[in-house]
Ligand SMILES: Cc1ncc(COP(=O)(O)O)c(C=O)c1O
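Take a look at this single chain, the form predicted on its own, given in structure tokens.
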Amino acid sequence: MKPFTLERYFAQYEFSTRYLLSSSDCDGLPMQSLLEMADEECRKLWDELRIGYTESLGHPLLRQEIASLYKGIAPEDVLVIVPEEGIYIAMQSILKRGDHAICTFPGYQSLYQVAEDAGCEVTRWMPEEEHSWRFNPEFLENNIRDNTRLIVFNFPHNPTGSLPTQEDYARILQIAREHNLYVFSDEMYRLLELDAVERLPSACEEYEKAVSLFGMSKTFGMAGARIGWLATRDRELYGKLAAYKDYTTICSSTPSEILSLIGLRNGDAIVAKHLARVRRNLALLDEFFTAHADLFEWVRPHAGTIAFPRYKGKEGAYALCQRLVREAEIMLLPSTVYDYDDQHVRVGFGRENLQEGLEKFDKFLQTNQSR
């Protein structure tokens, strides 16, 4: 497997840098606060928990709670996994050597890398930055081949915060249906739309050959639980996914499943709190990028917790990010980790200390003459 560039970059700086201005998750929930939210049933499950194996498909109550997030999805359509594992086993279950896939790009590397390393060809579906990072459905129509088997997309999009219109999204799924293609839909930032009216239906709700990925990491502020899930109405594909999981994690963490059940049963309150922070932080970013319009072009995201502003400095995005780590204890993510260009940075705004980090960033830009 090719090294995962983004994850290697995070491994180098995430736990040694003070201001993480590129993290894509919301602030992690304190354990005590989460347990205080537990209803009587969950508290009993937690207090009487034995640290043994759990069901390979996922705890029945957890799968039931997950299914309630969707329309037309039953618990038996849900497979509990680790989010990264879900990408890997889906690609391995759907694709075979020589197949062709189309994937949104830039993006989380495993969404296309697993397929490429398995001997498949992947066409990268690039967004239109000048149109708020729009992924034009016409690209799909122009790039489907006889051996195309899979369309992969990630909405809300990492790293741009792009979200298709309802019309574009419907057309994407229609194209998949017309060509009888599988769809893998990475929905890890779902429910974090700035305007709920713009929220898209989950792909697994709309298309019988779609598999949707979601989890506790981003939206619910529980990345450390390492709980996610795949949802699909394709019974044959579901069987392959479940069988492949026997060769990866086999089953989930028993405590994490109960903690995730508590989180989901209190999901509305948790998401509302995170969305309030996201909106506050976006207002701060609006001010910051207006003040530094000479150095950055700001395309405001529609959803999620990350954005992808263009950096206009002569040194390039990677050099800027390296200097920020060394001189200001600030971590930004350069677009080079996406194998995209050297002119963008990923900014994360799901954390409570963003204002403090932006103040430090502002001071750095004002006092540093080498741009």
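Everything numeric here is computed off the predicted structure, so don't read it as measured data. One-based numbering along the sequence shown.
Form predicted together with the named molecule: not shown, discussed below.
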Contacting member of 212, 162, 217, 252, with respect to the named molecule in the model of the complex [4.5 Å, heavy atom]: 217
Answer option from 189, 182, 112, 207, heavy atom within 4.5 Å of the named molecule in the model of the complex: 189
Which of 152 to 160, 131 to 139, 263 to 271, 237 to 245 lines the interface with the named molecule in the model of the complex (heavy atom within 4.5 Å): 152 to 160
Non-hydrogen atom contact residue 106 with the named molecule in the model of the complex at 4.5 angstroms: no
Residue contact check: residue 258 to the named molecule in the model of the complex, 4.5 Å heavy atom: no
Residue contact check: residue 87 to the named molecule in the model of the complex, 4.5 Å heavy atom: yes
Residue 226: touches the named molecule in the model of the complex, heavy atom cutoff 4.5 angstroms: yes
Members of 59 to 86 lying within 4.5 angstroms of the named molecule, judged by heavy atom, in the model of the complex: 82, 83, 84
